[in-house]
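Take a look at this one chain, the form predicted alone, written out in structure tokens.
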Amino acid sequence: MPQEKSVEDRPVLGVRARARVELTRAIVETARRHLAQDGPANLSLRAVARELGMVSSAVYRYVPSRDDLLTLLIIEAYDALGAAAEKAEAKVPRTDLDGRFVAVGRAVRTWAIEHPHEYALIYGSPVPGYAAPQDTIAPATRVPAILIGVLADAVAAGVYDPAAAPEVPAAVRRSLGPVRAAIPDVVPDDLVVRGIMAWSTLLGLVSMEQFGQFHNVLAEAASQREAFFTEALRRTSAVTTRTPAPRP
């Protein structure tokens, strides 16, 4: 049976643990600045160590590789974005489905504007040679989980009637296999398809703006951009959460 650490040892362990957390935080914050300057593909642990006044071998004890550093940055970005979306959505009445979707979308856009390099890291081009580990999955699903809640509430409120929804082709149902496992059965396949389309529309709008694709398409004034974005979100939500009208 392992011997319990003495009372004298515990404060020392606590100090060491705090020091490790603080140094890891300093490494991540420094890496975030390098991410903005050099981009994710050129992120270097050696450069981070130099800025912190440390030898590379010392940094490797806290963050073993460039990929581990990228993973820390990605998890932090997803969690920050998720927290912002959750906070915004929580302020809207549960019965206001469109308002909740719009709140989430506006929060994602605002966060992207304020953190353009972090947004590009998680929703931009993949980093060559980097494969995101399982640790990134839970943080990455925080925003989609909110939208899944909106879909489930649309069914519960009777706004969306599964019995009146069009049938989803078998090939499409099979394609939904991975995401279907994470979505409650109360959300039918047709609504899952609509939800993925809405999520893609939201990210597409934000990415188009972030990566300059709305230049000479939309007015540059911030208020006008925001007006368009909000209207696009409202229309997307209305199409997504309502039972479709029967075809003539």
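All of these numbers come straight from a predicted model, not from anything done at the bench. For the two forms, the rigid core is made up of the largest set of C-alpha atoms that agree within 1.5 Å on superposition. The numbering used is simple: start at 1 and walk along the sequence shown.
Only in words, not in the display: the form predicted together with another copy of the chain, which the text now covers.
Report yes if any heavy atom of His117 sits within 4.5 Å of a heavy atom of another copy of the chain in the model of the complex; otherwise report no. Heavy-atom contact with another copy of the chain at 4.5 Å: present for His117.
Can you tell me whether Gly149 touches another copy of the chain? I mean in the model of the complex, with a 4.5 angstroms heavy atom cut-off. Although another copy of the chain is absent here, Gly149 would stay clear of it in the model of the complex, with no heavy atoms inside 4.5 Å.
I'd like to know whether Thr95 contacts another copy of the chain in the model of the complex, with contact meaning heavy atoms within 4.5 angstroms. Answer no; every heavy atom of Thr95 is more than 4.5 Å from another copy of the chain in the model of the complex.
Are any of the heavy atoms in Tyr62 no more than 4.5 Å from a heavy atom of another copy of the chain in the model of the complex? The answer is no: Tyr62 has no heavy atom within 4.5 Å of another copy of the chain.
Quick one: Ile137, Gln224 and Ala232 and another copy of the chain in the model of the complex, is every residue within 4.5 Å by at least one heavy atom? Verified in the model of the complex; spot residues all in contact, yes.
Leu52, Ala58, Val186, Ala219: which sits within 4.5 Å of another copy of the chain in the model of the complex by any heavy atom? Only one listed residue qualifies here, and that residue is Ala219.
Heavy atom within 4.5 Å of another copy of the chain in the model of the complex - the one residue of Ile113, Val172, Ala83, Ala157 that qualifies: Contact residue from the list: Val172.
Could you list which residues of 164-195 come within 4.5 Å of another copy of the chain in the model of the complex, counting heavy atoms only? Val168, Pro169, Ala171, Val172, Arg174, Ser175, Leu176, Pro178, Val179, Asp190, Val193, Arg194 sit within 4.5 Å of the partner.
Take the rigid core as the frame of reference and indicate whether the C-alpha of Asn42 shifts by 2 Å or more between this form and the one not shown. Shift at Asn42: 2 Å or more after core fit.
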